[in-house]
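The form predicted on its own is given below as one chain in structure tokens.
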Amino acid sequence: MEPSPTIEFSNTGKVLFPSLGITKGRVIEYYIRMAPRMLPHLEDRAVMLHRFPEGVDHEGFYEKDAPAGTPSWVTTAVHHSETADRDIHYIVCDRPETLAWLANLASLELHVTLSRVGNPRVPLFAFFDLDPQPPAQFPEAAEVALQLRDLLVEAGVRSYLKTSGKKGLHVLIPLEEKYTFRQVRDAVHSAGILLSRRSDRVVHEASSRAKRPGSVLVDYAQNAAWKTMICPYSLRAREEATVSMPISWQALESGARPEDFNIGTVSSKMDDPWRGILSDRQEIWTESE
């Protein structure tokens, strides 16, 4: 059996969330604790890092490429970016030690692709990003999420929900691995259009009313190869140290809020409303249907 790698943690007393006094050491501890919940959503998928080495009160930076000094035991996957005309060496977080190492880099946020690194153009999920436009806030996003759930139920589709960790909500449908991103993007877009016809609250990205103040945007654009979403249970780089938290539809109806889920309240022992999501592969309507 291969021995577990040794990780040298550094500067663990560095405060990364100043308003709460949360140190890098506590962030590392959180990710080690949540590894059993997070790894199924990370392994075999490319990760984009959002790092805040000086804390959330300073500007962070995104990092796609594995940084200099990446240990040899960390799994990576190479993707040639035609836009950048270069190879990108993505990290694949497939073991607890990698998750702990990423936390030591002050990678507060972990963003994952919607497809496997070995099959990057075949989506695992359909992804609805519900983004309330000011002055709309989370309650308006929750209202639209429930309308979307009902629309999907009418279509015979089972959907899963998580908070974005900010003011929005994410709705996902696990898919049979036989669709293209174009098909899925068109399906998500079509659902947004239909929802906008049912509710004045809803706009979709292609609409002339997109981002109308007080509306909720049903954003479909992230349904594309190598685009990412925030990983379930990832921290968000906010003063409140919130978490992008899988929740049940019942919890949303009962008044769950993003601020309920943070580094201090989220535990790997909590009920998992996403239990079975990775095996619940479904058909989805397409543009041709």
Partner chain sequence: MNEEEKEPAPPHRPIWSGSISIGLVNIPVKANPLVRDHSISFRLLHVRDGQPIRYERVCEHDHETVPWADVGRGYEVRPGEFLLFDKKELDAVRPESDRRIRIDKFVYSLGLDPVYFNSNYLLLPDKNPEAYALLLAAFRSEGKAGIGRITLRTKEYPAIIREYRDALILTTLHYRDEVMDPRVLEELNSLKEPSKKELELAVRIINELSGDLDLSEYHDRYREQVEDLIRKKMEGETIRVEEPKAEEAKELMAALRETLAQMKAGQS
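Since we're looking at a predicted model, the values are computed, not measured. Numbering follows the first chain given and starts at 1.
Not on display, but discussed next: the form predicted together with its partner chain.
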{"property": "Among 188-196, 95-103, 212-220, 154-162, the region lying within 4.5 Å of its partner chain in the predicted complex by heavy atom distance", "result": "95-103"}
{"property": "Gly13: touches its partner chain in the predicted complex, heavy atom cutoff 4.5 angstroms", "result": "yes"}
{"property": "4.5 Å heavy atom contact, Thr228 to its partner chain in the predicted complex", "result": "no"}
{"property": "Heavy atom of Pro36 within 4.5 Å of its partner chain in the predicted complex", "result": "yes"}
{"property": "Contact label in the predicted complex: Ser4 to its partner chain, heavy atom within 4.5 Å", "result": "yes"}
{"property": "Glu63, Glu259, Glu54, Glu253 - the one with a heavy atom within 4.5 Å of its partner chain in the predicted complex", "result": "Glu259"}
{"property": "Site check Asp87, Arg116 and Asn119: each within 4.5 Å of its partner chain in the predicted complex by heavy atom", "result": "no"}
{"property": "Residues within stretch 16-31 having a non-hydrogen atom within 4.5 Å of its partner chain in the predicted complex", "result": "Ser19, Leu20, Thr23, Gly25, Arg26, Ile28, Glu29"}
